[in-house]
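In the block that follows, a single chain appears as structure tokens, in the form predicted on its own.
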Amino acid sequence: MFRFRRQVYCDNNATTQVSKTVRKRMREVLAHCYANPSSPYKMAHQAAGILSDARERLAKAINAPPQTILFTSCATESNNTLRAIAPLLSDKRRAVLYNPLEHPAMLETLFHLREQGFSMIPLTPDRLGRIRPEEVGQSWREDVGLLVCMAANNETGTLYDIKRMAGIARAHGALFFCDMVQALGKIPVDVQDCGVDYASFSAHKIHGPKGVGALYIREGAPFAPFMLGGHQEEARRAGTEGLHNIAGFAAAADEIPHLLSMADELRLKRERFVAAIREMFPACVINSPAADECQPGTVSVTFPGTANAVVMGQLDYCGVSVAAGSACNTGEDAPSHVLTAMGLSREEARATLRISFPHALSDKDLRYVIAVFGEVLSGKGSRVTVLQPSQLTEEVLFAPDIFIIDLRRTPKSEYLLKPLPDSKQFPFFSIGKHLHEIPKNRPILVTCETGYDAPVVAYYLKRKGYTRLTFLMWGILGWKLAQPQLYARFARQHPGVEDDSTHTQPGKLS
């Protein structure tokens, strides 16, 4: 049985550890410069100076004039700014050519524009998520006024030839919006050289703080503010600037050359991981391009015949943090839109993991990660009992002494699937705060809506010393599909169901 020995974080595309330099700079600003940069007195002038200096430092990191940098609350806000920019297009150029593998922050923005009358034209990625510039030219229409394509994909690490795409857009008199969140700090970024009109960035992807992002706006590019109600950011974005976060962003930007200096070594470590996984599991499928067509530390891999949520829970039990290639527990049976657009089936998408290594990954950590994957996927690792939906009978539901945990991410008013009878509801993100309510001397069945959260929490509980554990495979949705009569008859019908609204408050897995 594999024993937990190390903690190795391999989900760097989700967020990064805040660096010591960034933490130090933020503490300095919080302690000594708390004035509002827009106020007229001396302390405010100091704050305004910090804001101006941060703008210059971030601009230097991406080779942009300082006045083209707009600080936002996050990259999601930066992308949503497109909702105010797009209406400035000519009435004859209301079509948008876009990469269907974009982050949801961009896709949801584009879908909003579609509801406002814009036409959406998706590009066609290949099996590794690549979109060739030739595809952009072949898909072009006379009414296209905007091209949208990210620089690097957050799930597969696929890189796009942004410079050539921008040239095509410019030749057709169209604008180009580029989400560069996953590119900054991993590959060189030069917004002027690549010719984009707009680019979004996020601090917490480069070891900066959460809660601050940026939008690059090429000089002369049409712009309208998305946030209204103040004169901040040269009247381009209302709201008092989060000065400590912005200062932290600038400190993180200063360290980008150091991150880039480690990129080649990180790419070699990724290739070592891929080679080891292929040797151990020849049936696995790598969904990420190799070499220079991919981020240095990202790989998406499908393990046919597995459930990514289960594997992720087992890896987490051994101290290895990775992400699933499928959607989180939203109450819908929806696999990753990125993977399905690349041609993977729903089953393949649900058997896919994303590993995104940190720049500072040590050789020892890499060896440990490879060993853990080997133990888990070969069936030698520690396991929790799995209950298939067809096995969840009336006898199991009402078995003596069983304690049923129902994990939820949303308030009860938004539940799409009814909980099991006699279940006790807990918030997925803060289950650690409720361990005192979960008995160790009773058999425990862990459930969730669609099956992604239950394995993670089951293995978390195992790590906390619980031994009589089972989780429901595919969640309540799987049970509803497998046994619709039992679902209709018993779901949320039993008087023992708990209804404590305090259990729906978000928190942290502790």
Ligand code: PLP
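Here the structure is a predicted model, which means the values were calculated and not measured. Quick note: we count residues from 1 along the sequence shown, nothing fancier.
The same protein also has a form predicted in complex with this ligand, omitted here; what follows describes it.
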item	value
This ligand: the contacting residue among 204, 237, 270, 350 in the predicted bound form [heavy atom, 4.5 Å]	204
Contact assignment for this ligand in the predicted bound form, among 423, 232, 109, 154, heavy atom within 4.5 Å	154
Interface membership of residue 13, this ligand in the predicted bound form, 4.5 Å heavy atom rule	yes
Touches this ligand in the predicted bound form: residue 406 (any heavy atom, 4.5 Å)	no
4.5 angstroms heavy atom contact with this ligand in the predicted bound form for residue 386	no
Interface membership of residue 150, this ligand in the predicted bound form, 4.5 Å heavy atom rule	yes
Segment that reaches this ligand in the predicted bound form - one of 277 to 285, 166 to 174, 299 to 307, 67 to 75, heavy atoms within 4.5 Å	67 to 75
Heavy atom within 4.5 Å of this ligand in the predicted bound form - qualifying residues of 162 to 195	179, 181, 182
